[in-house]
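We begin with a single chain expressed as structure tokens, specifically the form predicted alone.
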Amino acid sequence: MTSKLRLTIAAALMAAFSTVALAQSFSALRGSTPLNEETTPPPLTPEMNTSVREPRSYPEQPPVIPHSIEGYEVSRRANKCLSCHARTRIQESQAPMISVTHFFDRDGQTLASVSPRRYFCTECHVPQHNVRPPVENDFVDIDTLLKVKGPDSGARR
């Protein structure tokens, strides 16, 4: 058997297994509805609306938005988030200021205003809904993992 034929067979097998795995993962969300049919999605749940800061699950995780942002405009013309979270507005609003990392350009130079690449807040920050995960998972946040394994278990020397 030539190496080209082996690669073709391997690629075909991978594609077949991927299709089966994908169909199985969708079945948990779609119920008994076949993949070639559309279902009526469940109604959206309301956004959480508190001033409580949610804990982060891993280092460098962007903070989630604890309040409703329904009706907020975040476009190249306007950014409603900055009406409370901009450096010049935090004393009045008592909202946390956006991170200083949002003032660096791609070359690491500090800017006087928010970097264009960090201007569209909802690319990283999302509002929360009080819902159960649609699929079971065994995710463990980093702090719990470190408590179980010890602080030096993942460190490289």
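Since the structure is predicted, the reported quantities are computational estimates derived from the model, not experimental observations. The first residue of the sequence shown is number 1, and the count goes up from there.
In what follows, reference is made to the form predicted together with a small molecule, a form of this protein that is not presented.
Of the stretches 30-38, 105-113, 61-69, 128-136, only 61-69 has residues with a heavy atom within 4.5 Å of the small molecule in the predicted bound form. Between the options Q91, S57, T101, T45, the residue in contact with the small molecule in the predicted bound form by a heavy atom within 4.5 angstroms is T101. Not displayed here, the small molecule is approached by K80 to within 4.5 Å at the level of heavy atoms in the predicted bound form.
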